[in-house]
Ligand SMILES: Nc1nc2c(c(=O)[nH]1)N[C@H]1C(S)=C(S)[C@@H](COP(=O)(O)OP(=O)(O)OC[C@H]3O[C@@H](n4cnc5c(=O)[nH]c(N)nc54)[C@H](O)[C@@H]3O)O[C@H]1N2
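Read the single chain below, which is given as structure tokens and is the form predicted alone.
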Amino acid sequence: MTSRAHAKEGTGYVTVATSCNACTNKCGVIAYVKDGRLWKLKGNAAHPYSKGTVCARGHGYAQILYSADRLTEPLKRNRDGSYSAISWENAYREIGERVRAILAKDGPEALAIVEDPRPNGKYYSKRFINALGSNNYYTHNATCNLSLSSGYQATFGGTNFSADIASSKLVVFIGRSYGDGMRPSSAATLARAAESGVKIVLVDPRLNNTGIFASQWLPVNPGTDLALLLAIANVLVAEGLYDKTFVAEQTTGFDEWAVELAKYPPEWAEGITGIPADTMTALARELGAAGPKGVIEQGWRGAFGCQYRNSFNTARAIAAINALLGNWNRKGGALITHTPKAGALDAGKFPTPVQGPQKAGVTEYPLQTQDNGTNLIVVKQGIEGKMKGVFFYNSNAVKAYANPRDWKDALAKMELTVCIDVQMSETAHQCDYVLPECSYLERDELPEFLGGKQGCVAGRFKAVEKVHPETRASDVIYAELAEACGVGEYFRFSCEELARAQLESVSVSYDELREKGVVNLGEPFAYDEPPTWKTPSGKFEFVSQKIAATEGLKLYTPLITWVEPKVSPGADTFRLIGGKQSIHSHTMTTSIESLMNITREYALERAWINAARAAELGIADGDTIEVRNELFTATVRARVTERLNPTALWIPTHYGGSSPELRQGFGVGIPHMEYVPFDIEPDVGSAMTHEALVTIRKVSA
């Protein structure tokens, strides 16, 4: 047992303050360990995301520590597609040789790295690819929140905000569900708000599991949220229900946008959205009456993170309505909070790699937030023969980031593919080398700086010793890979040395963080201080100056206008949409036996179909149906329900696993991304994961 644990006298266990790894939130947890084995997890009450609670995903994913499906040694792919064990030393040597060959022949722009970032990954992954001379660092966000963050950046200069739900009078959710996989603290806040009388409105084709808190459900036609938002803005402006002082003092472009808004009355939007004009008008008036305590919640992936051809403008419209309400940084409104970060470090100990060529995809998709970029450019350039090598860390891109066929085609043409993971994912199956990382409970990681009403820094510390001796922590893997590739000088420090330096830069003790798991930083958020608008004009922009200054755009304009989805269902087709369930985190948790047992017991893999449409097709609840389009065909059981818009078929996106080594999820349900054409939202770079149509027929009862 690690010496960092804290023994509880007379209990037989020790505790370690650490953080979960079941999703991107990384909530704070306390690990209880008996005789060197994990006994249980408890939420860290001091952590702003967990506040003493661990969700089902967090409890379940802790079992990865002892999973029989874990990777236990490095693997190399054979010519026949099978894998054989290889020593770490030989794997590093061969990878290093291939990297140097690519650099010599094609340059650093032919190398990339893709990850779903965790505390160490955010630092080490980017540092590793930068050390090789490449700027091609990508996260999962092209299939998560790229459209959302890019749209917000074009209006107020930031990539996200938070709705002050606890103090609101009226909160409108656009396709987001706290009841289907959010932070425990967010769900608890929403529950308290609903109990105190806050009106909660859900705009979603599916009555999701946040519905228990909702006062009203608007089953909007998928892909038309933008039309509904434009109609709401139309009423706010036409009836003078907006905050005129805020608009005059804090914004630019209002008069021009007001002229554009006249095109979008609720009567226009009714035929597009499927929502009655009177309903949209009433909601707009309620928002206007609520004033700064009315808010459109910020969203995430849901309806506009990356889903449709118009997602970028949907995000802009949400930000714009909040501006009309004058609620920015007001109690009950839209808050732009500060996220602390580490200060400058010793350049001699932690040297910065030399800046390389421009990141691939920036020119093609100039409106994207460029820190994370669009990983889909890796697919595009791989198929074109421009991208020669790619590393994956904690990323199942092949299964979840775009159509698997296209990822496979791209990777097959490359000269080097490497996957660092804890399990044999679908992405690992397409790589030349698979390097096994130890689980999050077996490693220390770097501090995680978190924003919110109170900034803080959180820690992840090792709870147990390694179960499988041949697994290694990501920081060690990257340092050793760097040595093999000839750039080891950028990694001549340990994870703990770096963590201590980062914490010292913000005057936090490493030992204090290890003891508590969370330490607050800076002053709490102050209401009513106008945001610093990080836009070209220095104000909130109803008409984007960034877009106006960008040449060669294919779709978007400086004005927030109506943009149609790419495809629309007809009489015999359905739009295929998907989403999360509260017990799973995308494809990562379908290897966990206890969570998959819940899936099987309640048949959670079923596809949802509207009851009236099901009756037309002769489909009863539990029948097996065939879901087909030009790309893919599969069968799944149906869940017939009134809780779904009739134009849609909804499936949970976790399932349809094709990796036989992940036995719990293998063959359960159907894979969403197999149905989605490889296409990219113009100007932005998102995957447009809901721009797919399918037909449905009954196969058997």
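Residues carry their position along the shown sequence, with the first being 1. Since the model is a prediction, treat every value here as computed from it, not as a measurement.
Just so you know, the form predicted together with this ligand exists too; it's not on screen, but the next bit is about it.
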{"query": "Candidate spot Y123, P351 and L498, all three touching this ligand in the predicted bound form (heavy atom, 4.5 Å)", "finding": "no"}
{"query": "Contact residue in the predicted bound form, chosen from Y440, F156, Y138, F128 - any heavy atom within 4.5 Å of this ligand", "finding": "Y440"}
{"query": "Option touching this ligand, based on a heavy atom within 4.5 Å in the predicted bound form, out of V422, L367, V198, V563", "finding": "V422"}
{"query": "Heavy atom contact within 4.5 Å of this ligand in the predicted bound form, the stretch among 515-523, 489-497, 326-334, 203-211", "finding": "203-211"}
{"query": "Proximity of I232 to this ligand in the predicted bound form, heavy atoms at 4.5 Å", "finding": "no"}
{"query": "Touches this ligand in the predicted bound form: E286 (any heavy atom, 4.5 Å)", "finding": "no"}
{"query": "Residue contact check: P222 to this ligand in the predicted bound form, 4.5 Å heavy atom", "finding": "yes"}
{"query": "In the predicted bound form, G175 touching this ligand (heavy atom, 4.5 Å)", "finding": "yes"}
{"query": "Partner contacts in the predicted bound form for 587-619 (non-hydrogen atom within 4.5 angstroms of this ligand)", "finding": "T587, M588"}
